[in-house]
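Just the one chain here, laid out as structure tokens, in the form predicted alone.
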Amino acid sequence: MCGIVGLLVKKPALREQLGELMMPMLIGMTERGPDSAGLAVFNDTVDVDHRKISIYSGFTEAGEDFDWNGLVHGLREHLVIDARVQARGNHAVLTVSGEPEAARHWIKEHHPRLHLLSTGRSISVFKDVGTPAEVADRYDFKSLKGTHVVAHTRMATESAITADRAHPFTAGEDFCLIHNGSLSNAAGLRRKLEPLGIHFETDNDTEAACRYIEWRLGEGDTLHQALDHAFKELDGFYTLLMATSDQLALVRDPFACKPAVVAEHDDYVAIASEFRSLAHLPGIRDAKVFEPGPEEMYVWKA
């Protein structure tokens, strides 16, 4: 059992309050997932020749005291690129110019214990072990700004409680996925995808779903088409909430076993596993509140 949360604000003025509005939604899901939490927020799109790379330093010996400025200096010196960093505890968002894969390769080679969380022009990812309130306070989620956010509270059932196994999972650029449920064929998906060059970093079943959709998108599918294929391939009970730079997408399995509630308002779209995480939102009484149907796709534009 886990908790999923999504919030897309349509009213530009609410972008400054995105974190403030999301926080009670996340905390409201604590009972569904008390062991770790995380989110992906979409904001501050960088120039077309730059990318943001989210990084976790909690597996290094230095942890929160990791020398982020030293990392930036090394990238500038060895790759001759523009690089700058914003750090929050043992997380940082690194902005680099040029081909992001060159920067990612250099980081993995020179700092192998750093965990790379996401890459894109607008996505930033934060996740860690702890209750949702602890993680949110650690990384000041309340101050986050942007157009949309997906967040997750985890109750581990099939893999260890570690920061890398917390959600969201990401693939490619500006794409992430969070999941409530369990996949019975995650190992089979892994065996199918690894020979195709798809790299896995954990044994978490959610990563299998994320990598599968990444593969389908790489094959030229639209998000709708990728999810159509996912309905045929994913075996288990699940609610998946995905985000791209300009979309939120929600799907439930053919039996709709895992809960989800949506509130559509003129100012926002809000999604949670239970209504109690939506009840505080402004104007919720005027929103269209509904339970998504089984094996249906719901997509909202940012």
Partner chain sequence: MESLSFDLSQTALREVNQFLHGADLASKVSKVSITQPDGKHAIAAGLNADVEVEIDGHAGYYAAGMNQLARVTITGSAGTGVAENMMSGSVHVKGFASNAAGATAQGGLLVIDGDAGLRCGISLKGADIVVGGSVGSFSAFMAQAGNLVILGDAGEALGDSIYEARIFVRGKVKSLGADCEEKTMGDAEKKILADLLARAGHKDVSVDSFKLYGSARTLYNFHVDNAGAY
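Being a predicted model, the structure only gives us computed values, none of them experimental. Numbering follows the first chain given and starts at 1.
Keep in mind the form predicted together with its partner chain is missing from the figure; the text below concerns it.
Taking the partner from elsewhere, residue 11 is found to have every heavy atom lying beyond 4.5 Å of its partner chain in the predicted complex. In the predicted complex, residue 62 stays away from its partner chain, with no heavy atom inside 4.5 Å.
By the criterion of a heavy atom within 4.5 Å, residue 291 is counted among the residues contacting its partner chain in the predicted complex. In the predicted complex, at least one heavy atom of residue 274 sits within 4.5 Å of its partner chain. Picking from 62 to 70, 255 to 263, 37 to 45, 229 to 237 the stretch near its partner chain in the predicted complex, with a 4.5 Å limit on heavy atoms, gives 255 to 263. In the predicted complex, 32 is the single residue of 29 to 51 with at least one heavy atom within 4.5 Å of its partner chain.
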